[in-house]
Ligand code: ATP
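Next up: a single chain in C-alpha cells, the form predicted alone.
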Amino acid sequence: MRLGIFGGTFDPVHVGHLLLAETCREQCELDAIWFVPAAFPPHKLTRKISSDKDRIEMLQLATAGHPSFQISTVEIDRGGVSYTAETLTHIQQQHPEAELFFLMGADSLAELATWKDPQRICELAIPLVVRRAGSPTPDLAVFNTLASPTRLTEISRYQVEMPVLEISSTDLRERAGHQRSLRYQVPRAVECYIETQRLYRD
C-alpha cells in the first residue's frame, strides 16, 4: 500500500488542504491518504487551537465520501507535542507493509532541517514536496544532508504541482471571528459546523 501522511492542525480544514491531498493522491498514485491532526504542534505552542473534537469532526465532514481519505488520531491519542518523526515511526511499526509518503508544502522546506530528527523522517517516508503551479522548482538542497542518495532520487521524482489556491486557516479563523463568509473556501458541511458551534468567535 502506498500511504500518504498529511499532518497539520487543520483549524479549520479547508479546500486548499483537500486539493493538496487529492493532487498528491493522483500524481503519485497513492492508495490512501491519512489526515493526521496534531495534538500540540511544536511551532504553534503559543497559539490556542480548537479542541481535538472540533478539529476531528471538521475533518470527518470534509473528507466524507472520499474512499481514499481517512482520519488518523495517532498524535492526539499519544498526546503531548506532536513530532513527525515519532508519528511516522509509529505508523511504520503498525503498518510495515506500507510504503510511506509525507506530504509537505514547498514553503516548509526551509524549516525541515530544524524539525526533530529530520533524517529519520526521510528514512521512514518519501517527502512529497508540493509547489503551486507557476512557482519556481523548489530547491531540494536541504535534503542533501538529510537523505540517502536513493532517497534523494525518489524525492526528485515525486515532486508535486498543484493549482494556485490562496487560502489559509489563519485568514479563515479571522473571517469566522468577524462572521464573514467562508463559502467556497471550506466544504459546506464544515462551514455549517463552524457556524453552529460558533468557532473562532471571541
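Residue positions are given as counts along the sequence shown, with the first one as 1. Predicted model, so just to flag it, every value in this text is computed and none were measured.
Missing here is the form predicted in complex with adenosine-5'-triphosphate (ATP); even so, the following discussion is about that form.
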property: Heavy atom within 4.5 Å of adenosine-5'-triphosphate (ATP) in the predicted bound form - the one residue of Gln159, Ser169, Gln60, Ser50 that qualifies; result: Ser169
property: Among 150-158, 66-74, 170-178, 26-34, the region lying within 4.5 Å of adenosine-5'-triphosphate (ATP) in the predicted bound form by heavy atom distance; result: 170-178
property: Heavy atom distance at most 4.5 Å to adenosine-5'-triphosphate (ATP) in the predicted bound form, all of Phe6, His17 and Leu20; result: yes
property: Asp107, heavy atom within 4.5 angstroms of adenosine-5'-triphosphate (ATP) in the predicted bound form; result: yes
property: Distance check, Leu165 to adenosine-5'-triphosphate (ATP) in the predicted bound form, heavy atom within 4.5 Å; result: yes
